[in-house]
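Next up is one chain by itself, shown in structure tokens, the form predicted alone.
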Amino acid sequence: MSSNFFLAAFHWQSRAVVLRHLKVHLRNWYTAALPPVCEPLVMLLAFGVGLGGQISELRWHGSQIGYLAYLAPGILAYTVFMTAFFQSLFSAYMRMHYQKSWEGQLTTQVRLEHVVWGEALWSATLATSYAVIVCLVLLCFSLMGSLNLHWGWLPLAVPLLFLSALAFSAVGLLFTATLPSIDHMSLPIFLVILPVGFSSSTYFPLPDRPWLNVLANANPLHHLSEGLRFLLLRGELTWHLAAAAILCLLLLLVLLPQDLRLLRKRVFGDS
């Protein structure tokens, strides 16, 4: 089942599910485009400019850099994480439970594995497109002289951003499959969002503590943030990018088959 399941990602049915979500998304493009533009802009202004104005420089891997420069790659990584996770959690849950979109799709030639892959691929696609919008916001800061980034390396990061978003969507689908009701949606925030976010060096360098280093090294968002930081600030390819890719691949290989098994039980009542 496992090999067939992963091959289902390339079936036309999975692409059809993604296309369906895209068409629905484009109907409300004018409101859907506001969060990816406004959120990083607010974060960069509030933290990068506001808080950064109180912190002249911070020490990062032996260098003194401005807080805005430190924050920018972290915001890029965090956008991918949050968008993919919440899209595969809240939006997928609404489509499954309330809108009954899954039921309609499953009456056609689409099977449940295609629905699962369609949700994961759509979440990753949307998260990557939001990351591109964040890059445009960062470019505006760069044109104003507030940021100095190595933009030539950025296209190499896009495939990794997509892979990371796909892995984060697998985590979101796990909660979609297991949460008993929408009233329990606060649980993933405390179980995933806060621990992963605060142990990822997104907003600040992590202190050198043995237990915290263990958590950070197992956190794909930490490696994605640090890898993007080295790439955009120094123009260096580091082991963090490889670590992020490996951890995200492991998440996909382990979680997506479990997502399908749990969702099959939830949707069809299979044991």
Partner chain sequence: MRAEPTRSDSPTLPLLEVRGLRKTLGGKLVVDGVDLTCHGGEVIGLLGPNGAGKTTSLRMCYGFLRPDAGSIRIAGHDLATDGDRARRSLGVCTQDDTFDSDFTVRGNLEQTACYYRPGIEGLPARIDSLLDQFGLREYAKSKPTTLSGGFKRRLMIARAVVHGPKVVFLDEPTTGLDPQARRAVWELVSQLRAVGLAVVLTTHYMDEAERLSDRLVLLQAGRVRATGTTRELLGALVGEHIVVVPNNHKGAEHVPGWLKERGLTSSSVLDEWHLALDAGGLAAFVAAFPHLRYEVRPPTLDDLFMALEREDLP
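Positions refer to the first chain, counted from 1. None of the values given here were measured: they were computed from a predicted structure.
Omitted here: the form predicted together with its partner chain. The next part is about that form.
The candidate spot formed by Val24, Arg27 and Ser101 lies fully in contact with its partner chain in the predicted complex, as each residue has a heavy atom within 4.5 Å of it.
Checking Gln105, Ser146, Thr178, Ser199 for any heavy atom within 4.5 Å of its partner chain in the predicted complex turns up a single hit: Gln105. Residue Ala16 is the only one of Leu262, Leu252, Ala16, Ala9 with a heavy atom lying within 4.5 Å of its partner chain in the predicted complex. Interface residue remark: Gln109 is counted as part of the site for its partner chain in the predicted complex, having a heavy atom within 4.5 Å. Heavy atoms within 4.5 Å of its partner chain in the predicted complex map, among the stretches 110 to 118, 73 to 81, 128 to 136, 164 to 172, onto 110 to 118 alone.
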